[in-house]
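Only one chain is included here, represented as structure tokens and corresponding to the form predicted on its own.
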């Protein structure tokens, strides 16, 4: 029983990802970003897809794997402040539906961007590097790992 807090969930920081319509909203926001980039003059379709993939993957990496803690008081006695957002999703249980979805989106964006850039070498390398930056830290072997003790505390 949670006494003295407004919400009844142990960690509301990540439980909203399992709510209805979140996945669709996530996809829509990615395409809104892409359409905003397409509306800028002198940006071609291939550059827009590369920018969409790069912006998405960099934001994905920062928000899921760098930022730690919760923006509000949780009932877990401060346990959430030691974990990144990715480590808090579904209480750390690997291969749940939400985690699979969040791992697949950067890969699908990579394939879409590669197709629309006609597999141009420069675009391909940029998209591949940012896709790996977004996907590799999500592997179970990196759960709780802080490379070079960066972001350890």
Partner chain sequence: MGSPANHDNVASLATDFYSLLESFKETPFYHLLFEIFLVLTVLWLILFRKPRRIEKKLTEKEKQELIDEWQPEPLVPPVDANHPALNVRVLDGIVGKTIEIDGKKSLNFATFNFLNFVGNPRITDKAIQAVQKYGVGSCGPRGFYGTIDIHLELEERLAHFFNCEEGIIYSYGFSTVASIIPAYSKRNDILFVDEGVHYAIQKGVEASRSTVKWFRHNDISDLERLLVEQDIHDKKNPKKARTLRRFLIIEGLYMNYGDLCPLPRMVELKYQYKYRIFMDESVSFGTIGQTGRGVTEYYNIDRRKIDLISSSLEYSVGSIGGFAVGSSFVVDHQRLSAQGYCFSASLPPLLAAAAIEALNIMEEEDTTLCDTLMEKSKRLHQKLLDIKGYLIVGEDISPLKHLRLTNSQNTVARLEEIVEFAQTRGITITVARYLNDEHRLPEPSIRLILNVEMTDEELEFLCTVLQEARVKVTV
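Positions refer to the first chain, counted from 1. Predicted, not measured: the structure shown is a model, and the values here were computed from it.
One more form of this protein, predicted in complex with its partner chain, exists but is not displayed; see below.
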Requested in this report: Please run the contact check for residue 94 against its partner chain in the model of the complex: heavy atoms, 4.5 angstroms, yes or no?
Outcome: yes
Report task. Consider residue 110 of the chain shown here, and say whether it contacts its partner chain in the model of the complex, taking contact as heavy atoms within 4.5 Å. Result -> yes
Query raised in the report: in the model of the complex, does residue 124 have a heavy atom within 4.5 Å of its partner chain?
Result: yes
**Report entry** its partner chain contact at residue 36 in the model of the complex, heavy atom, 4.5 Å
**Finding:** no
Query raised in the report: Quick check: do 31, 47 and 51 each get a heavy atom within 4.5 Å of its partner chain in the model of the complex?
Result: no
Query raised in the report: Does any residue in 114-128 get within 4.5 Å of its partner chain in the model of the complex, counting heavy atoms only, and if so which ones?
Result: 114, 115, 116, 118, 119, 121, 124, 128
